[in-house]
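Have a look below at one chain only, the form predicted on its own, in structure tokens format.
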Amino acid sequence: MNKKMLLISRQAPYGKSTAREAIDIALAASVYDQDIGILFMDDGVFQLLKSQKSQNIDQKNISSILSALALYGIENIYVHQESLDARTIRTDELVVDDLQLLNNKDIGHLLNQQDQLLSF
């Protein structure tokens, strides 16, 4: 039976390597047929924006990797609705189409269903 692993990504996409490391861990774990989920919350929701201009800071655009997560079997992509609201981000501004919006109560239930949690 596959273990359920949830990565919680709370960091903005640029400035530190933390956001990229969380994605790399998810991709690596997907090779081992784990049930992987990623929850974007707090400043982590900025990773999902379509309009990233990373070339202006000489960084590789992180959103191109996120849009390909399903190709790696990572289909459980969650976004904290309150984090989007606090940053006035609409879902049509996000690069990932097939995601699940969760409120605080939903996140509590999601966390209780996991075998392993990693927060970045």
Partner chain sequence: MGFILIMIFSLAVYAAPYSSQASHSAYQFALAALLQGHSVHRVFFYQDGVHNATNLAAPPQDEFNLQEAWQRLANDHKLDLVVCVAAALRRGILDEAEAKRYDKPSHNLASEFTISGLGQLVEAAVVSDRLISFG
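Source: prediction; values computed, not measured. Residue numbers count along the first chain shown, from 1.
Beyond the structure shown, there is the form predicted together with its partner chain, which is absent from this document and is the topic of what follows.
For Asp106, no non-hydrogen atom is located within 4.5 Å of its partner chain in the predicted complex, even though that partner is not displayed.
In the predicted complex, at least one heavy atom of Arg20 sits within 4.5 Å of its partner chain. Interface membership of Ile25, defined by any non-hydrogen atom within 4.5 Å of its partner chain in the predicted complex, is confirmed.
A residue is said to contact a partner when one of its heavy atoms sits within 4.5 Å of a partner heavy atom; Leu84 fails this definition for its partner chain in the predicted complex, lying far away. Here the marked residues Tyr14, Ser63 and Ile65 all miss its partner chain in the predicted complex; none has a heavy atom within 4.5 angstroms.
Of the stretches 43-51, 66-74, 91-99, 30-38, only 30-38 has residues with a heavy atom within 4.5 Å of its partner chain in the predicted complex.
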